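The chain that follows stands alone, in the form predicted alone, written as structure tokens.
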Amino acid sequence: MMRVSRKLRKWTATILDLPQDVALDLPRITMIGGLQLTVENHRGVLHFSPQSLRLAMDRGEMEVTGENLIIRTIGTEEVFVEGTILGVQLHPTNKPGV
């Protein structure tokens, strides 16, 4: 059932020319150089330290690594991080039907 719903949302986004991150509830990641990072559509902070940030996503986790990381702003669906960003990795969950 989830697969049909996802296909329907993707088809709707294509037909209506909507951004797929909005229609499919995907994360939107904006990085300026290696100094600032904004992540939209996260589901909460799992871990934070000056060297790493782990965020829950709808379909997995996202890990940001770096040095002197600081969360400047955090909201229910958006987080803004500054520091020296060295890496961004997505770790998808392997749920059947997703």
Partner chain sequence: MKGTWLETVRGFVWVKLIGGDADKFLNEATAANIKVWQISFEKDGSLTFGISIPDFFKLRPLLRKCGCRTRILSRHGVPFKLERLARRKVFAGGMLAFVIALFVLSMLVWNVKIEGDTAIPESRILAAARAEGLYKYQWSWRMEDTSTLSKNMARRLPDAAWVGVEKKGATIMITVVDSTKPEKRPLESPSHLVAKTDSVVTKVIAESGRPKVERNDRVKKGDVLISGLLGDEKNNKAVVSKGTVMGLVWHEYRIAAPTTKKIKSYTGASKTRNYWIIGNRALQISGYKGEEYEQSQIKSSMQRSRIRDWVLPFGSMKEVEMEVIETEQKLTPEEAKQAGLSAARSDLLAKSGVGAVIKAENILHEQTENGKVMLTVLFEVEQSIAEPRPFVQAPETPPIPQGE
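Here the structure is a predicted model, which means the values were calculated and not measured. Positions refer to the first chain, counted from 1.
One more form of this protein, predicted together with its partner chain, exists but is not displayed; see below.
Interface membership of I32, defined by any non-hydrogen atom within 4.5 Å of its partner chain in the predicted bound form, is ruled out. Put simply, L26 is far from its partner chain in the predicted bound form: not one heavy atom of it is within 4.5 Å. Residue contact check for I74: one or more of its heavy atoms lie within 4.5 Å of its partner chain in the predicted bound form. Counting a residue when any of its non-hydrogen atoms is within 4.5 Å of its partner chain in the predicted bound form, the hits in 35-58 run G44, V45, L46, H47, F48, S49, P50.
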